[in-house]
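Next up: just one chain, as structure tokens, the form predicted on its own.
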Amino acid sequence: MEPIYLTIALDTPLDRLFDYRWLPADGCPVPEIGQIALVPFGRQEIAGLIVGLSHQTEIPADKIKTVLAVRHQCPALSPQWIDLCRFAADYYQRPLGEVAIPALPKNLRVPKATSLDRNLKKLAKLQLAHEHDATPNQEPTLNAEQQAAVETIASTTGFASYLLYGVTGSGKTEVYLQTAARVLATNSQAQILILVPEINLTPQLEGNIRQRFSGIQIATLHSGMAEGERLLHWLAAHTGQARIILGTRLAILSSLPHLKMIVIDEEHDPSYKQQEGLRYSARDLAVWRAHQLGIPVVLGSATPSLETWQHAKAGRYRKLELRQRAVQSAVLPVVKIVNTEREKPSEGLTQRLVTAIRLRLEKGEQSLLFLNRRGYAPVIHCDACGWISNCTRCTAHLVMHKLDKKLRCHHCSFEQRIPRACPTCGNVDLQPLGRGTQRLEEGLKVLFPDARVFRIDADSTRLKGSAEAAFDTVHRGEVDILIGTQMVAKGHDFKNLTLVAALNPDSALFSQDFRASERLFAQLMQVAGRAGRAGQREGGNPSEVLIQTRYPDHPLYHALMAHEYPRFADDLLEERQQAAMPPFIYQALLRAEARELETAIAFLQTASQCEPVHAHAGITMNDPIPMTMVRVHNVERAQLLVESNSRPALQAFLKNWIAELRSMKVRVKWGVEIDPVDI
């Protein structure tokens, strides 16, 4: 038999596909497009994706290598999935292999397929254990707004983008679940993809889904899973056995042959944007994938991103509103501003906040103190000579972690023991500056010695499963005062929580990041929404939110007090339009890293001249500048911003420009990010 030539996408920076020869063998099936092949590449053996088949090639016989193996036991990836990867590769200006291959589980890419065979056997057993009955267990009664949303989404035929805009506690999750039940009931093979922004939000939602849909198989996909477990769940989705797939941003690139609806919960969250490797937006890819397949996509949030809000205003997305909380007796918490210029805090707490916490303790209710700064103190310093604890490898401070007796950099992970004396002058009286969650916890335990004080942040939940266990502790009512960072701000339903306090949120008001106020409003609105979700108990306290600030007259806080997101968003959109900022302009960012900042800046200066901007109408190229965090891990970083009021024009320019950059021989690490979220 004649050999067959396979065109294969490999995970390399080279923007091309590779041809290999496949020799037919007795009893061995012919390879298919979408299958995984093991091939020699240099001195390695790596996995690639077959994207083309041919019976002839122009490559000389002595130059073409032979395929080592084809993973016939794994069903081929669909043409729609390959098209999704092609779109992502084209839009984000990356080779196809750099998109498709990392999207596959690691154990599917290794030379030996023993893990694949083992998981396929497990999958067969799981299939027998599930009856594939999509009929949900008893569903809660919906209010009129929820019912209207479910009816609208479930009756959709073809592609439609819905913004499910609902106040915190309005029952958006219930809308997702009951709509999913309708879709699953009308199609015996249908799959539903539900995305959440963070890993720690998956256990609670997964528990609700499993309880509701006990008869069908559910898959979970996120980066915190062991590789073997992730492969098993990916295969369940890929073979169509799993009917509901719950995951973080990486799940948008999973293989789902019978996908019929996509849900993006908390769609505003910046965690949906990948910040390394392929810097894709899972939210944007979800909308494109829904359009590709002709299915509905639901974007849910109490504080939608300005991009989504503008799409809804322009009619590209249909807005469905939930204006009231799902629990009839639950009302939105009263938001109050505490002026810290008048009421001076002691150990970070004003007297009004201390009194409010004590009142909750007397009633047996829970309080949440939100401080988005982990560690004990952001920095320590010496009063005698002015020394401060700077990181030697980054333009950042070393954060004091008192419990570990360490100073730690949150950017490069460098750490050292807390010095007993000032390294510069020998002064032994070193003082912490500022306040982190650990210091707040210490102060609360002194102030309320009988209260059960509990802290949830990235330091207290390092171990696998520790975050889930921590939230379970709160849900069981074993915590009186909860201290948390952004981990506790969204998605969690604390039944007995009636007081939320936000400490020191002002720094975001004066950030150079033009998105800072949008993010701060979303963060505060989300954390405020944790209060009073179960309704007011008889004799209990009304739910309350206290925001300690030095700027009580700031418009952001006034909008928050009125729970007036639409007005706040419309004002921000007007400012963005006047300033020619996203979503009214499209951006790409060229970043460069080198040992010396001058080297990175010089590369960007050269890059700005290698593709004539005047040849591309509507393109603006800004000057190279150092990044806000200039040095990380002894690497100096700079950036160059490119803008256009036309997305197609920007894409056309980038295609030519990046080709020029790839031809340059430089000792600088560089990368282009499309639609950057951090500038």
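Throughout, we count residues from 1 along the sequence that is shown. In this text, all values refer to a predicted model and were calculated from it rather than measured experimentally.
This next part talks about the form predicted in complex with the DNA, which is not shown.
In short, of 633 to 641, 60 to 68, 615 to 623, 28 to 36 it is 60 to 68 that has heavy atoms within 4.5 Å of the DNA in the model of the complex. Residue contact check for D19: one or more of its heavy atoms lie within 4.5 Å of the DNA in the model of the complex.
Though the partner is left out of this view, L23 does not reach within 4.5 Å of the DNA in the model of the complex, counting heavy atoms only. Among residues of the shown chain, P648 is not one whose heavy atoms approach the DNA to within 4.5 Å in the model of the complex. For the chain shown alone, Q56 is not a contact residue for the DNA in the model of the complex, no non-hydrogen atom being within 4.5 angstroms. Residues are counted as partner-facing when one of their heavy atoms sits within 4.5 Å of the DNA in the model of the complex; in 37 to 61 these are P40, F41, G42, R43, Q44, I59, in sequence order.
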